[in-house]
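For reference, the chain that follows is the form predicted alone, supplied as structure tokens.
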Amino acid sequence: MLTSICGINWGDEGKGRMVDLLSEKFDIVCRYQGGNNAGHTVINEKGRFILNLLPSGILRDDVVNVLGPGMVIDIKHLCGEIAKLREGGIKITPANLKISDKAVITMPYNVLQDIMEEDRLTKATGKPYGSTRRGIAPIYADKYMKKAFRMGELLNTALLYKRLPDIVAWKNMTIKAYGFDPITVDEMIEYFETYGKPLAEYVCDTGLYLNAANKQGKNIMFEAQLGALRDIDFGIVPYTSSSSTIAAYAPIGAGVPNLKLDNSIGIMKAYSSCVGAGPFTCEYFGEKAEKLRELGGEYGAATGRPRRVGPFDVVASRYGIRCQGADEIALTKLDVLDGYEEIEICTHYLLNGKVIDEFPFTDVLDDCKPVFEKVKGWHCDTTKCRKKSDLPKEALDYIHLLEKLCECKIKYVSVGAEREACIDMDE
């Protein structure tokens, strides 16, 4: 069984929480795109963990975790992430962590490029892209310019270091143009020696490994970062990531383009949240935003930035479900709405006086206004609910309304951050 866990909206939907829960049924969890520019917060009996690069399956002793060739890996950050997890009692060895030899290495100068450009945009226009300043766009640019280093090169550093001088000279043309001091070859060699060598034992051909596992009948989960609206092709460009967050890309980014998904599980919140800049039609402001943000603890796991928040957005969610080819939905953070007597839903957009139901091209999103409808809230605690029959009628009505409006079955409903705080709606 090949299953993708993917975000329906702007990211931060609670994918890590659902991967941690559902990974009990899987042998392998594979991250297939992105880098350390977003995080998954997972709470279980072992503690509270923030994962940026490692798949959420790393918290289960019997699950093998794979970082696929579609990823960009900050090796310094990965070494630190592994060290923190080990301090928390998590076992990490080459037996349960495998890193694709084709995955690309995020370099210190990529991070510097990201920071320099965000600062330039802020000063020149006051409108930065809202980057996490972790080098993601520059390293993906290097990848497609064929000037990036790959994890497999850590196994032959003699050849790797022969490539360095030309790349460093090329990068320094950009760095000096921004008015910064140039980098040196020796600095980059030290980076590889310090953070690359400890990871070399994890590097392998993950495509061969996953194909063999599939032939053996293993259950494989593909874990995405961010959501459909952050996809480089289908998202709110340019306020997106630089990789494909779409479920259809999962086999490619995992290193097994010959395999086909059996199931796509889309993750979406019972309301909306968004980190960073860009259009966010359903956004709340003022006291309404502060209340929802505090109730939901809406601060970025990777950056700590306050998330923008709003009510559930039907238009954006229906588009995300279509992009992800979602067969079923896991609805997270229903409990955050426990304190509301009335709950708003953004059911349509208003564009130049016309009501629209389909998510439009990015350029006109700023001109769209939300059309809100109110439904009755349940105004009681759902955090102890573990079965569908435990939920109050109004909460069930809300779930069924979202199913109808989004035209996709809601299979799971989470009512808390803990692993067990989830309801299977089929049981």
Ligand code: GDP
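On a predicted model such as this, the values are computed, not experimentally measured, just so you know. Note that residue numbering follows the sequence shown and begins at 1.
FYI, the form predicted in complex with the ligand isn't displayed, but the following is about it.
A.B. asks: Has each of Asp12, Gly16 and Val336 got a heavy atom lying within 4.5 angstroms of the ligand in the predicted complex?
C.D. replies: Contact check passed for all of Asp12, Gly16 and Val336.
A.B. asks: Might Ser23 be said to contact the ligand in the predicted complex, defining contact as any heavy atom within 4.5 Å?
C.D. replies: Answer no; every heavy atom of Ser23 is more than 4.5 Å from the ligand in the predicted complex.
A.B. asks: Gln113 versus the ligand, in the predicted complex: is there a non-hydrogen atom within 4.5 Å?
C.D. replies: Looking in the predicted complex, residue contacts with the ligand do not include Gln113, since no heavy atom lies within 4.5 Å.
A.B. asks: Against the ligand in the predicted complex, would Val375 count as a contact residue? Criterion: heavy atoms within 4.5 Å.
C.D. replies: Judged by the heavy-atom cut-off of 4.5 Å, Val375 is well away from the ligand in the predicted complex.
A.B. asks: Would Gly39 show up as a contact with the ligand in the predicted complex if we use heavy atoms at 4.5 Å?
C.D. replies: Yes.
A.B. asks: Using a 4.5 Å cut on heavy atoms, which of Ile43, Cys380, Val364, Leu396 is close to the ligand in the predicted complex?
C.D. replies: Contact residue from the list: Ile43.
A.B. asks: Find the only residue in Ser272, Thr206, Thr332, Thr240 having a heavy atom within 4.5 Å of the ligand in the predicted complex.
C.D. replies: Of Ser272, Thr206, Thr332, Thr240, the residue with a heavy atom within 4.5 Å of the ligand in the predicted complex is Thr332.
A.B. asks: Need the contact residues for 396-420: heavy atom within 4.5 Å of the ligand in the predicted complex, sequence order, or none if there are none.
C.D. replies: Stretch hits, in order: Ser414, Val415, Gly416, Ala417.
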